[in-house]
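Shown here is one chain on its own, the form predicted alone, set out as structure tokens.
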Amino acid sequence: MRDNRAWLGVLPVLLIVAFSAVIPLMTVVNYSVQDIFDANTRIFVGLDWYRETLRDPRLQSALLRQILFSSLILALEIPLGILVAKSLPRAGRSVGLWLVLLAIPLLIPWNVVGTIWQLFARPDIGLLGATLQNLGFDYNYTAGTLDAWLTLLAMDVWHWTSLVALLAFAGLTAIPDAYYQAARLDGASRWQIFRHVELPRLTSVLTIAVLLRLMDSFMIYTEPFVLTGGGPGNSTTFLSQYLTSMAVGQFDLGPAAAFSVLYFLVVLLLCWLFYTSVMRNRDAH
């Protein structure tokens, strides 16, 4: 007979997860099928809000911007994080210092990061903006779409590349020296060592890094809101900002709830597709 007493230790966690995740999600799903006028007046509308949300051209534009932003972030931060991790010393007294310095951007709150870059990139008094202006570049992230995107990408890379680097460094330090010694005896180059020794053993940590950055980049709100306010125009208005304006600014709870459910499903689907693809390729090898 099985001893199920171990479930008693897991039960508090399950209750916390149910309270903090499942119950709010079910509440949002309930709101998404109703037209809410006030606390006591609601009309069941079925899937109408979902149909209306999917046909909304503003949502489609925000989704395309979101996918582009997340793709660029992953394309920049994953290789850069690996490069930084490989550049760090593996032993010695300086290792701890380098890791602490690397982790500093991760400790800064998101709204502070947006404020720092808002001041840093100002074309009149900001170090970055004023320098670019003096060099002859017509730089203004509040007026130029390309400038706004480049500034947002630079800000996110500065803020989050450290996470990828720390995860990659942890994976690299876990590789036994015997693998490197065998590769050198076989005459392998640096690229061959990275391709056949390091990269296969970084698959797990890089999968975690990509999933974390994918989810976080799809939920980005504070930094672009503080830096650009979604502008110029709507060029940096992402899904989370569009959702907030719908739920808080317009107080359209029904459509906002339907949008939230679709938002959740999109992020879940992308993460599942990536994880399944990575695990399938790893099992094949």
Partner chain sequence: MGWMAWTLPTALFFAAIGLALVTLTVLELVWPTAARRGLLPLSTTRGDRFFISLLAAAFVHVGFLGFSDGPVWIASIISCLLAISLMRWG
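Positions refer to the first chain, counted from 1. Fair warning: this is a prediction, and the values are worked out from it, not measured in the lab.
Absent from the display: the form predicted in complex with the partner chain. The rest refers to it.
Practice task
Using heavy atoms only and a 4.5 Å cut-off, decide whether all three of R122, T131 and N134 touch the partner chain in the predicted bound form.
Solution key: No, none of the three is in contact.
Problem - Contact test in the predicted bound form: L54 vs the partner chain, heavy atoms, 4.5 Å - result: Contact check for L54: yes, within 4.5 Å of the partner chain in the predicted bound form.
Problem - is_contact(Q250, the partner chain) in the predicted bound form, heavy atom dist at most 4.5 Å - result: Contact check for Q250: no, nothing within 4.5 Å of the partner chain in the predicted bound form.
Exercise for the section: Tell me, yes or no, whether L15 is in contact with the partner chain in the predicted bound form, where a contact means a heavy atom of each within 4.5 Å. Expected result: Result no; L15 lies far from the partner chain in the predicted bound form.
Practice task
Examine I67 and determine whether its closest non-hydrogen atom to the partner chain in the predicted bound form is within 4.5 angstroms.
Solution key: Flag for I67 set to no.
Exercise for the section: Go through 109-146 residue by residue and record those having a heavy atom within 4.5 Å of the partner chain in the predicted bound form; state none if no residue qualifies. Expected result: If the 4.5 Å heavy-atom criterion is applied to the partner chain in the predicted bound form, 109-146 yields nothing.
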